[in-house]
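One chain comes next, on its own, written out as structure tokens in the form predicted on its own.
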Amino acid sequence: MLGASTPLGERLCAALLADPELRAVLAVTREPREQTHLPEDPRLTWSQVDITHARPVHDLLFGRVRELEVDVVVHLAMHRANDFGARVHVQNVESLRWLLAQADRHPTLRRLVLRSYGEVYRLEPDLPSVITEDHPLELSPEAPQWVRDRVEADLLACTRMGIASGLEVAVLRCAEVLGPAEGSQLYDYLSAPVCLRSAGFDPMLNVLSLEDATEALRRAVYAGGTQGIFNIPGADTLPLTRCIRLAGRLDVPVPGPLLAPIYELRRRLRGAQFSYRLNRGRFHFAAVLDGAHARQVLGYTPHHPVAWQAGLR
């Protein structure tokens, strides 16, 4: 599992290890073992690997992955929205490209599960607000790097589905996981005591809990023989104003042109992550993932709403 030290990665490791028939889980992190919260289990093997270089990725695949006879790789290793630059792109995209390039000749690897993002979809007023897997992607060169990288990684994996090989690929386009340390822009936005929004706009949002995201990935790991693209919605679909109220914050509508500079100043002064410029589309237009395909094929249905006030204090 690449990106095993994230909250989602740690939960997925624990969920997989709950299966007594599972022989081994390989947790790959950038951090030392003592800086993670990975579960203690004799079947869990930890490996610290810098996936921004091709050689360590090769050595991981034909070293520990082969030794442990790992047959499913879960890729969770994506940078946060405000991270940018060449090294970020390498981790977000090129690490996946290297993995796919070597998968065909790997003796044990049979399946790849990619945690993708609902943000890969294009949001415009004339497009449907309920988004199915064939909805247009955000391919604009003007999109921020975090979107471009996610779209490129998603398309890399999707293209692999059309190639005759022994590797099954499942791409899970997840709604935003609302929780700490998950890189959630909405979580950072709702962490402020006052939430400013564009006057006259109250878009519908769908958010995903860590519990449901973990369950969707777990089901994809075990869904051998199936591949495809799956939207993964959360149990909460609600307007932005209700998100703000449930988080116990003050909702203040302001003229739209003021929001980007105000939040940019907040980000610089307080080290906050939320950028209104990066979220302008979904803070104006409704975007809710349709999870029918995941329900039919993976048996996934969201059951765990976000613990709003408890999780945002």
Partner chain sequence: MSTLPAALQSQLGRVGRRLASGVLAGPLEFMRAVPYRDAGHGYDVFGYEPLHAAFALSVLESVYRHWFRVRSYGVESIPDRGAVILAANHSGTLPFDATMLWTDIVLRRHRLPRPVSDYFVPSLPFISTFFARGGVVGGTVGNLRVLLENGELLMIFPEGVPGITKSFRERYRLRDFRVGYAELALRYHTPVVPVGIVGAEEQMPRLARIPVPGHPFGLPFLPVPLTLVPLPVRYHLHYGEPLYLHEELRPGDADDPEVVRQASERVRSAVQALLERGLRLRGGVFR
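Residue numbers count along the first chain shown, from 1. Note that the structure is predicted; figures quoted are calculated from it, not measured.
Keep in mind the form predicted in complex with its partner chain is missing from the figure; the text below concerns it.
Proximity of Pro141, Gly183 and Thr214 to its partner chain in the model of the complex is absent: no residue of the three has a non-hydrogen atom within 4.5 angstroms. At the 4.5 Å threshold, heavy atoms of Gly248 reach its partner chain in the model of the complex. Taking the partner from the other structure, its partner chain in the model of the complex has a heavy atom within 4.5 Å of a heavy atom of Ala199. By the criterion of a heavy atom within 4.5 Å, Gln227 is excluded from the residues contacting its partner chain in the model of the complex. Using a 4.5 angstroms threshold between heavy atoms, Ala101 stays clear of its partner chain in the model of the complex. This chain appears without its partner; in the model of the complex, the one residue of Arg242, His79, Arg122, His106 with a heavy atom within 4.5 Å of its partner chain is Arg242.
Partner proximity in the model of the complex, defined as non-hydrogen atoms within 4.5 angstroms of its partner chain, places exactly one of 79-87, 217-225, 113-121, 126-134 at the interface: 126-134.
In sequence order, Ala235, Asp236, Thr237, Leu238, Pro239, Arg242, Arg245 are the residues of 208-245 having a heavy atom within 4.5 Å of its partner chain in the model of the complex; the partner itself is omitted from this view.
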